[in-house]
Structure formats: C-alpha cells, structure tokens
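A single chain, nothing else alongside it, follows as structure tokens in the form predicted on its own.
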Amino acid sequence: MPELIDLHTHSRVSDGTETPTEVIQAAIKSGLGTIALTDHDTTDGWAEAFEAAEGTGVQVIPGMEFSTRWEGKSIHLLAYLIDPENLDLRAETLRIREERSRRAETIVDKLANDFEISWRDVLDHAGEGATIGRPHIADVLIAKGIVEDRGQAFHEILRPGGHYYVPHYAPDPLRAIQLVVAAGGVPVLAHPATRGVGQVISKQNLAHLVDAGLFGLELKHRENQADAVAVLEDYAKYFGLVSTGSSDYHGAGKPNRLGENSTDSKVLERIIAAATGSSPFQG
C-alpha cells in the first residue's frame, strides 16, 4: 500500500483547533507516513511538531501557507522547506500577521454592534501567539450559540462583501513566490481550482508564476472543482509542474480528514530535492 503523504495541515498556531503535538498524534492515528505542517504565515509550530514526531517514524515537512492577493481575490501559496530565518520572508509574513490581527479586531468591533462578542473573547479563544483570523471569530460565534459551525459563520456573517467583512493586506502571488524561492523554499499553489473553470488562473498568468519559480499545483483537494482541475492538469503538464494532494486539515474546524488526499512519493522526492532552505524532520 502506498505511503500516505499529506502536505497541507494547520494547527492552533494559525487557525486549526489542535496543537502541533495533537496534529502529529492525529497523523499517527490516521496512518500517515509524512505530514507537512503549513500554518498561515508562520513557522512557529515547527519545533513542537518536530518534538512530537521524535521517534514515531513520521516524517514532518516544515512548511507554511502564504497569504497572497491578486485582483481582489485571496490566493494561498504553500511554501515547503523554507529557511525560517530568511529576513525578507520573516518581515513580509510579520506584516501579514499584524495586518490580519488589526483586520480581525475591526471585524469584531463591527460585530459587537449586533452580537454579544468582544475582542477579548477572540484573544482568549485563539490563545497566545496564534495568527488571529476570521476562523477564530467564527469559533467564538459558535461558542456563544450565534451560529452552529464555521461554515454557517462564513456563509451568513463573515462572507467576503458582507456587512462585517474587512479586507486585509497580502502581497501578490508573484512577489510571494519570489520570496519563497529566495528563502530556499518550494512554492505550490494551494487549492487553485475552488472557484471553478470560469475563474481558473489563465495560462498566461500561470506562466509568469512559473517563471518566478512556482513548482506545483495542489490539484487533489476536496474543495477543488473537477472542471477547473481538468484545465489545470493540462497546464501542469505543459509547464512541468508537480501535482500534490492534501487534506487541508484544521482539526475540528473543518470536515477535512487527514490523508483524505495524498501526494505521490516521487513528487515529494522532487520537492525535497528542490529545496535548500530547510530539511525534512524524520521522526
């Protein structure tokens, strides 16, 4: 049976519901051989994940999910095996986290006009050091009985363009790819087919990202739409990009389950071979 390789997971360091230790424990229970921890715009969970994996046989790929924005749309970039001490990358992700926190506080201020919610509620829920975002606000709305789950919170209250929505800063994907590559990392576009074939990235725009160093596309993901995946599979072949598969696990925050999509071992080998920023941790 092929090794299960899940290259997209989140912990409480960003918007997951489990600590890095608990994510590793869940990976072991799910039979994963390799897991990447890819919290949003931060590498702060790496050390704990490595410690939790020690002696378990599970390989940990250190990573990050980089927030970017292009033409008003949020585009996420998975950055594998980066140098966490790279100054330019650290400065950019710090700016993103600070801007996201300010944005979250503004959203809560707007919500407080209509619901019993405060910024202190969100801080207490998120915990020290977390990259605070809309999922943490959603979790407080759940805890207070205002909504049943994150899906309802995002659909009815926190949706883009809604009354309570506030945009946040993020670099464009070209800039993000350049930063990842300069930090010795391997960039892969996260779930690039979620908006359907009508809004899939054009071949011309993808070419610019490939020229900057884009290495792959996350094509096996539960939120990707089949018509868009078909187009992107052709693009991946044309540009020689790898195709990855992942769960985008958030613990109890999403229905996504560890290992529900897996990456081929030969693709993982290519990712590791291309990286110079950091190394996998073999537990």
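Numbering starts at 1 and runs along the sequence shown. What you see is a predicted model; the values in this text were computed from it and never measured.
From this point on, the text means the form predicted together with a small molecule, which you will not see here.
Quick one: of Phe154, Phe115, Tyr169, Tyr164, which gets a non-hydrogen atom within 4.5 angstroms of the small molecule in the predicted bound form?
-> When the small molecule is considered in the predicted bound form, the option within 4.5 Å is Phe154.
Is Gly216 close to the small molecule in the predicted bound form, meaning a heavy atom pair under 4.5 Å apart or at it?
-> Contact check for Gly216: no, nothing within 4.5 Å of the small molecule in the predicted bound form.
Would His76 count as touching the small molecule in the predicted bound form under a 4.5 Å heavy atom rule?
-> Taking the distances in the predicted bound form, the answer for His76 is yes, it comes within 4.5 Å of the small molecule.
Any non-hydrogen atom of Arg97 within 4.5 angstroms of the small molecule in the predicted bound form = Heavy-atom contact with the small molecule at 4.5 Å: absent for Arg97.
Should His221 be classed as touching the small molecule in the predicted bound form when contacts are defined as heavy atoms within 4.5 Å?
-> No.
Considering the small molecule in the predicted bound form, find the one stretch among 170 to 178, 129 to 137, 86 to 94, 197 to 205 with heavy atoms no farther than 4.5 Å from it.
-> In the other structure, the partner sits against 129 to 137.
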